[in-house]
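Encoded as structure tokens, the following chain is the form predicted on its own, with no partner shown.
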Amino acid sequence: MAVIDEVKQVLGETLQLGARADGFSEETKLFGAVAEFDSMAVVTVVTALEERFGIYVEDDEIEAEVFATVGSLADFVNQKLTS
């Protein structure tokens, strides 16, 4: 499964979006656009991504740009996986 598909799955599960997450694309805006994706949800999503991908996200890596779109979040995960 591609990273972006797993990221969409994590978003769907943690934000309880159901099938809505299946329709997300790389350009789908997240923070400020998906009502369920607020500042508290960021922590939940980061924790779920850490568990799913076996990565660790430092506090100073949590920036608005990372959570701007599904694609930017998937790119961030890819970078963590290759570093």
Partner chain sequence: MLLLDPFGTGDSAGSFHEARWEIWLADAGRGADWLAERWPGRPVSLWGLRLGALLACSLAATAPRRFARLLLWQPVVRGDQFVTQFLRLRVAAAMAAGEKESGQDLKARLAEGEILEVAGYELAPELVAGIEALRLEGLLAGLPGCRVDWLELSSPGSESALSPASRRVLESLPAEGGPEVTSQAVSGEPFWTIQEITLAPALLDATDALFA
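Residue numbers count along the first chain shown, from 1. Treat the numbers as computed from the prediction; the structure is a model and nothing was measured.
As for the form predicted together with the partner chain, it is not shown, yet the points below apply to it.
Among residues of the shown chain, residue 75 is not one whose heavy atoms approach the partner chain to within 4.5 Å in the model of the complex. The partner chain in the model of the complex is not approached by residue 22, whose heavy atoms all lie more than 4.5 angstroms from it. Within this chain, residue 50 lines the site of the partner chain in the model of the complex, having a heavy atom no more than 4.5 Å away. Taking the partner from elsewhere, residue 57 is found to have a heavy atom lying within 4.5 Å of the partner chain in the model of the complex. Applying a 4.5 Å heavy atom cutoff to the partner chain in the model of the complex picks out 31, 39, 40, 42, 43, 44, 46, 47, 50 from 18-50, in order along the sequence.
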